[in-house]
Every structure is written in structure tokens, then in C-alpha cells.
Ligand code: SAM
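In C-alpha cells, the next block holds one chain alone, the form predicted alone.
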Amino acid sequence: MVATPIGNLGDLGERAIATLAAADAVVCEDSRVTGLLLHRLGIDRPLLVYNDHSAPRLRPKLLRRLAEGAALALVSDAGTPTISDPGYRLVRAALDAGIAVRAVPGPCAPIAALSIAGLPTDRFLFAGFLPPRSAARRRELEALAPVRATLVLLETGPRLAALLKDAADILGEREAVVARELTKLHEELRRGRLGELAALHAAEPPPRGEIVVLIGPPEAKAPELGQDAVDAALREAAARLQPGRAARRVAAVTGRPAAELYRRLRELGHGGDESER
């Protein structure tokens, strides 16, 4: 598994170049894309096109070659192979057949975007491309809504504004980032709330290039307190503060309206002067 550049050719490491040069053949998504890359590197290797259409027919042939001792290098058009491409089925079949599979790691657009987005990285979920039609896409977003992790999605320029609008409708005003053309000359990172980014992209022509959309996790909410716990907090605050300030202090902790809490304080016998509210 050889990771290839997502834009900047300088990101291709020495080990990846050596692996491609030594392979008996390079298995790729698009021979034009990989052929250009190998030409720039001065490497001449046979290319075998492995994509959604050719995979069922080609996979048994590749497994036979591997079983006979051939060294094959699998690449995607850009980035790390098997991430949102059919290569994982070949990896699974090779492992099931007892064939060694090794990684030559390198660029990966979702990870590159996550590293510079400024969103939580301790837990994230890569969901790839969501369905192109809004109804199916919204169902997927509803399923993802409870996930307490940063969501990492891929999208095309023509569908970007629609995705952001659906995400804002379903997920609310979460923090989000649109990363485009990573490592390339026109690299762009837009940060904001989902609704802001949706409106921004709806007012502009569809952007070009590879796009990663990152959506922050749902914001933590204070646990809902029962009335007994609220009353106890009010009494404790009122023992130290004027009623108005006590109500505001408990409101900041519980999320309940200060006016409601002040009325409750009066019911509890801690009324005080209205002027100090």
C-alpha cells in the first residue's frame, strides 16, 4: 500500500519512490494519473487498472500473481490507498489468502485536514462521501448526529453548499471547517459555524478541487437538575449572596432563566429588595 501525494509532489517519500520502482507492477485507479506520476519520477513500471468496474475481474488475477511471488504496489489517484476506494477488498482478499500486506504510509487528505482544522482530534469519525441526494444524505446525518466526535467528510464542489445546508439543519450550528486543495498552490481553509459556511458557499460558484469537510462534535450540555437539586443550589447561593445575584449564579450553572430562579427564591423565603435584581 503506497501513499501518493494529494497535491504536492514533494510529499512523496524516498521509501515510496523505491517501492514503486521495485514493484513488478503498480495497481492503480486511473492509469493516466498514476502514469503521469511515475513519468515525473522517472519510473517505468507496468500499470494495472483496479477500480470499481475492473475489480471483480482483476482481483483473482492479482491474487494469483501475489501467490506466485510477485511484488505489487497498490496506489490511489491521490493519498492513502483503500481510503474511500475499492482497494480494501483486495487487501482483505490478500490477507485471507495468507499474503503479506505492508504499508508505505504518507499523505492522507482527511488526516491532513484534521491536523490543521483546529477541531478536537482525540476522537473523530471518517464518514467519506455521504449520499448525493438530499433525503438520503439527511438520513445519514441524523444517524451521525449523536456521535460525540469530529466528523470528517469528503465532498465535491457542486454538492458542497447542499451538504453544508443539510448539515446545519440536522446538526445545528456546530463549528465546521471546509478544507480545499490541501498542499496545492490554492490551498484554502474556511472556518465558521455550519450555517455561516452554508450561506457563504450558496452565494458563490461551486469551488474546484478536492474538498474535506470537518464538523465539530456536539457541544456538551449541563446535566438537567431536578427541582430538589435546584432548590438546594439556590439556598446555598442565597446564604452568601443577595437574591438577585444568587439567582444569576445558579442560572449560569443550570441554564435555567434567572427570572424563574428569582421567583423560586421568593417562594423559598429569600425574596429581598426588587431593586437589587
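Small disclaimer: the values here were computed from a predicted structure and weren't measured. We number the residues from 1 along the sequence you see.
Below: the form predicted in complex with the named molecule, not depicted.
Chemist: Can you pick the stretch from 87-95, 196-204, 144-152, 174-182 whose heavy atoms fall within 4.5 Å of the named molecule in the predicted bound form?
Modeler: Looking at the partner contacts, the answer comes out as 174-182.
Chemist: The named molecule isn't shown here, but in the predicted bound form which of C108, V104, L189, I99 has a heavy atom within 4.5 Å of it?
Modeler: Selected option: C108.
Chemist: Should I6 be classed as touching the named molecule in the predicted bound form when contacts are defined as heavy atoms within 4.5 Å?
Modeler: Contact check for I6: yes, within 4.5 Å of the named molecule in the predicted bound form.
Chemist: Any of the heavy atoms of I211 lying within 4.5 Å of the named molecule in the predicted bound form?
Modeler: Yes.
Chemist: Hey, in the predicted bound form, does L72 get a heavy atom within 4.5 angstroms of the named molecule?
Modeler: No, L72 sits far enough from the named molecule in the predicted bound form that none of its heavy atoms falls within 4.5 Å.
Chemist: I'd like to check something about A161: if you look in the predicted bound form, is any of its heavy atoms closer than or equal to 4.5 Å to a heavy atom of the named molecule?
Modeler: Answer no; every heavy atom of A161 is more than 4.5 Å from the named molecule in the predicted bound form.
Chemist: Which residues in 68-94 have a heavy atom within 4.5 Å of the named molecule in the predicted bound form?
Modeler: Read in sequence order, the residues that approach the named molecule (within 4.5 Å, in the predicted bound form) are S76, A78, G79, T80, I83, S84, D85.
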